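What follows is one chain in structure tokens, specifically the form predicted alone.
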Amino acid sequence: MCKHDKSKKHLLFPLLLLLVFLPSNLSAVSAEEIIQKMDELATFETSYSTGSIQTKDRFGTKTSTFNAWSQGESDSLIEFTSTAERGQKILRTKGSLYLFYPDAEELIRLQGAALRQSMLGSDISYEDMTEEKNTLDNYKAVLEGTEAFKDTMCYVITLTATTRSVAYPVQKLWIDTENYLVWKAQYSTAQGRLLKEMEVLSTLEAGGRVIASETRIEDKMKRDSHTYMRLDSLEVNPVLDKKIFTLENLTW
């Protein structure tokens, strides 16, 4: 064998080693681990926030304001403070969502497809506003790869529902590879029809995490409509009365 052939063999061996070990390095993080981290960093022990929802459509612009409390991955309470909606409340507890209208003293429970209903005529659904942080309980996750979005490298993950109890059968998420913030999301039917699109416009830091402070939501089933949700303030881990997240408190 000539020297030239021997040198080729010496080069071939390390290249083969690279091919063996490279795939495991590229797939060092799984789709499930990314989603778990996303949920973990979006969940606080407790929180209190204030904000606004502004909807622009062919009829004009409508703004509603709210106060919101949360506890863990599944408990949240939203109370509207704007004049037209003052006193209306949305309570989310494990597996259940309730609406309270003070004028009618009426309590309504929403389930299944009803979670996709528009909240206050906006492009935001009740599911969007109060989504539980337990994604993998209801979805199978597939990592499609990475992609730059707004000069930020993101994991691109497709979520496919494993239960009928969710509002969106398919979700496609662009998740920041550094802080696990969802910069963009597309929500679709099982047949691939795009229902809604979400994009983060600005962020803030709270509790050592990056949180969306302004989000644009567009319901693709509506004509010439989009909604901006803004956080005006966010308090992390305040002491909250556990009665806040009960039906008794909702109707008080």
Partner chain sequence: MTTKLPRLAFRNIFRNLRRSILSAVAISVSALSIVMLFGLLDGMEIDMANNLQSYYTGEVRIRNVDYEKYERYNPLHLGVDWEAIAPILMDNPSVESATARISFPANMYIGENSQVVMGVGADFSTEEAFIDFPAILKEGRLPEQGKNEMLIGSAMARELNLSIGDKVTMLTTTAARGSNAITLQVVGIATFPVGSLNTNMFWAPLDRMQYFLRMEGLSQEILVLLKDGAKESLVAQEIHDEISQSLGIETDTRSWKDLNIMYSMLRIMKVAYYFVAIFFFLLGSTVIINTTMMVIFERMREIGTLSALGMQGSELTKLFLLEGFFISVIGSGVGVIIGMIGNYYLSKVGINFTDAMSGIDLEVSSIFYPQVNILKSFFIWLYAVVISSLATFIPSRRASKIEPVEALRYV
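By rigid core we mean the largest C-alpha set that fits within 1.5 Å across both forms. Residue numbers count along the first chain shown, from 1. Just so it is clear, the structure is predicted and the values come from calculations on it, not from any experiment.
Omitted here: the form predicted in complex with the partner chain. The next part is about that form.
Student: If contact means any heavy atom within 4.5 Å, which of 82 to 90, 151 to 159, 171 to 179, 68 to 76 contacts the partner chain in the predicted bound form?
Tutor: Correct option: 82 to 90.
Student: Using heavy atoms and a 4.5 Å limit, would one call residue 141 a contact residue for the partner chain in the predicted bound form?
Tutor: Residue 141 lies outside the contact set for the partner chain.
Student: Report whether the minimum heavy atom distance between residue 109 and the partner chain in the predicted bound form is within 4.5 Å.
Tutor: Residue 109: yes, in contact with the partner chain in the predicted bound form.
Student: So, residue 136 and the partner chain: in the predicted bound form, are they within 4.5 Å at any heavy atom pair?
Tutor: Heavy-atom contact with the partner chain at 4.5 Å: absent for residue 136.
Student: With a cut-off of 4.5 Å between heavy atoms, is residue 60 one of the residues that contacts the partner chain in the predicted bound form?
Tutor: Result yes; residue 60 sits at the interface with the partner chain in the predicted bound form.
Student: With the partner left out here, which residues of 89 to 104 have a non-hydrogen atom within 4.5 Å of the partner chain in the predicted bound form?
Tutor: Counting only heavy atoms within 4.5 Å of the partner chain in the predicted bound form, the contacting residues of 89 to 104 are 101, 103, 104.
Student: Quick one: once the rigid core is lined up, does residue 157 have its C-alpha move by 2 Å or more between this form and the one not shown?
Tutor: No, the C-alpha position differs by under 2 Å between this form and the one not shown.
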